[in-house]
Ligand code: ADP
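Okay, so here's just one chain, in structure tokens, the form predicted alone.
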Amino acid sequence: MSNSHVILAADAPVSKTVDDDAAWDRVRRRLRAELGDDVFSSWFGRLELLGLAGEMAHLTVPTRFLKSWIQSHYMDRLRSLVFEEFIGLSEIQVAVRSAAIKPVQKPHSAAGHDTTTRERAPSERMLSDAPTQPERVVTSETDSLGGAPLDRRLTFTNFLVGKSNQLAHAAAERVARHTQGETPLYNPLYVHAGVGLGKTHLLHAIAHETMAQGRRVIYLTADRFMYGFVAALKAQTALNFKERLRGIDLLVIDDVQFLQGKSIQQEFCHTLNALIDSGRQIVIAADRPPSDLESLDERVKSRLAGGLAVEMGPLDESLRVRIIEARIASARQHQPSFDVSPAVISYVAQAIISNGRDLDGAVNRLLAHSTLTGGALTVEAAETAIRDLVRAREPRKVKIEDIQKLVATHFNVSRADILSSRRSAGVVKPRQIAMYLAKVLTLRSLPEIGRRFGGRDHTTVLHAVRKIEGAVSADSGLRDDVELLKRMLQD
């Protein structure tokens, strides 16, 4: 892409309407459907539409590595989808967010739509932004190794422990405080949890505690690791990059589910082996167990599973109450008059069950209501304030392995039969039903489902899905069987 495309933005201001956002949502949905959930989350989950300028769409990503990867591997497909949804465009540009042009917000063409950007109230900024960046970032000798900054607030002292995270917290403290020179007991320590449940907090706490003992630490996100390795290859300093990583006492890697690329995964595996073999500690975090990281090389998954893997589960109600109380106490340092009754705290803890970030958002909204309206903070007022955060309870996430096991049991065959190449009627039918349920109940793409069913082609999965769709409409007995299996998997 030539530099002239960047100059174009100076002649035509970057702007965005509600219609543009809707078109971008359609592009994202089509990408997810075509590429599958894992690939989409890895490469497009953080790709955003900044706005339009003339005949160009300006897209942004948080890192240079993501920009390079998308341009190298997906640019043609991305360009095609954007042009289909945005009529009149002739080019797209992907930029790193920190260097991106700030958009001008345009009013919607139809009457009745308010598209002005909502400025956050000072009371909201207190919780979401404070302390400011210079106070948050911890600098150390690890910065010279290319590590990501640590948040000074994320320590063991302010980590709230409950039933859902007790084991992970205990393991993290043991790892952070083990005697130097002794062989690490849990290596690697692998922490997995959903969004907003505190795994990154634990990783930062481990890094802080280890650094306080004078040991060398580097904290990296998967993006940082990938970008560092690719940059070292381009600069022909890969050997130096490897030596710097292997010369530390503790390596912390966050969001390892985003680790992509065969050569990068090989180097990651070599780094794990070298550090573990030399008695250095490794701590890893991801959003799922090692066995579910389908994009990772089997050797990497095996190495990760060889240590201690602990899950941080959903926050129980008592822990949610304590988190809300802690956030309110923090807000009260800036707004001494901010007071929330136990009834409101109890309501918020029962209404928001998803994660800690939504609880932070709820306290922000309560604070805004209290300081901006001056009205009493009743349960009814709280219900209005946090309405956008109260989500319907999501059905249980269904795994393909669970589908295979349940279908095998229901039809009196083994899971190995379903994954095999056997073509007998007693095996083919359960296999096709399992493939159909995998397509209906999960976000996996057809190629991904095929790989999970013994390495089959996506056309085989498509044939199975169409076969069962036709059969359930004509056979009431089969329809009842399939509906029963659906309910059992979702309950």
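One rule holds for the numbers: they count along the sequence shown, beginning at 1. If you're wondering where the values come from, they're calculated on a predicted model, not measured in any experiment.
One more form of this protein exists, namely the form predicted in complex with the named molecule; it is left out here, but the text below deals with it.
- Shown alone, this chain has one stretch from 273-281, 156-164, 210-218, 87-95 that lies within 4.5 Å of the named molecule in the predicted bound form by heavy atoms: 156-164.
- When you look in the predicted bound form, the only residue of Leu372, Met75, Ala329, Val195 with a non-hydrogen atom within 4.5 Å of the named molecule is Val195.
- Only one of the listed residues (Arg177, Arg387, Arg357, Arg152) places a non-hydrogen atom within 4.5 angstroms of the named molecule in the predicted bound form, and that residue is Arg357.
- Proximity of Thr200 to the named molecule in the predicted bound form falls within the 4.5 Å heavy atom cutoff.
- The shortest heavy atom separation between Val348 and the named molecule in the predicted bound form exceeds 4.5 Å.
- Mapping the unseen interface onto this chain, Ala222 falls outside it, with no heavy atom inside 4.5 Å of the named molecule in the predicted bound form.
- In the predicted bound form, none of the heavy atoms of Val252 sits within 4.5 Å of a heavy atom of the named molecule.
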